[in-house]
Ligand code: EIS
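Presented as structure tokens, the chain that follows is alone, the form predicted on its own.
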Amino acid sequence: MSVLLDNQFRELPPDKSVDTKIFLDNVSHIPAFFDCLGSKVFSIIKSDINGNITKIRAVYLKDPAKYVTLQDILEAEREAHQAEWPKVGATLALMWLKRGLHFIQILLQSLADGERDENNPNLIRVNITKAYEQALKRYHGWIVQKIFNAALLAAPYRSNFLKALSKGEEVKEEECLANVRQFLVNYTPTVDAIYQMYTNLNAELDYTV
């Protein structure tokens, strides 16, 4: 089986609301994705994602009946924190979490689309670089960018990465990429819906770390 397909995201309802409990259950398995990238350098993103999931879950568990959707959390925190919002609580944690999820989305979509370095077809550096530049780079200062540049150089071979996604099984590349595409069917709309929610609520912040 596939690391991705073991915990597929669910289809969103027509109103594109994201159920908090279902979302947390799904994303709790996402950090394992970074183990497939091999290098310990990627543990930085993994740790960040784990930390943000923990913060969101802590808020949700305080009142599950109140925080049925992610938007319920953001709106409640906006009311409670006023001027400090959105740079507080689960709102801030989800802001960073969605960026990590977006990184994965772009990386997987790039692989699924067949984008590769023709001179080095068995490297995924071009895919990871695209994901980092589009999802995370603008929010990172030069020190963090240097760390990620080192991570990009440590990216695994394409064949090793796809094998890791397949839990070490010898799976044909096209079969593995078919699994990636299937995973993205519900994953992409979920990430997109969270981004749209931040736009609608004017909750996006553009500072660097």
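Numbering starts at 1 and runs along the sequence shown. Predicted model only: the values in this text are computed from it and were never measured.
Beyond the structure shown, there is the form predicted in complex with the ligand, which is absent from this document and is the topic of what follows.
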So which of 136, 106, 74, 126 reaches within 4.5 angstroms of the ligand in the predicted bound form, heavy atom to heavy atom?
-> 136
Spell out, yes or no, whether the shortest heavy atom distance between residue 179 and the ligand in the predicted bound form is within 4.5 Å.
-> no
Considering only heavy atoms, tell me if residue 183 and the ligand come within 4.5 Å of each other in the predicted bound form.
-> no
Can any non-hydrogen atom of residue 147 be found within 4.5 angstroms of the ligand in the predicted bound form?
-> yes
Does any heavy atom of residue 51 come within 4.5 Å of a heavy atom of the ligand in the predicted bound form?
-> yes
Partner contacts in the predicted bound form for 175-209 (non-hydrogen atom within 4.5 angstroms of the ligand) | 207, 209
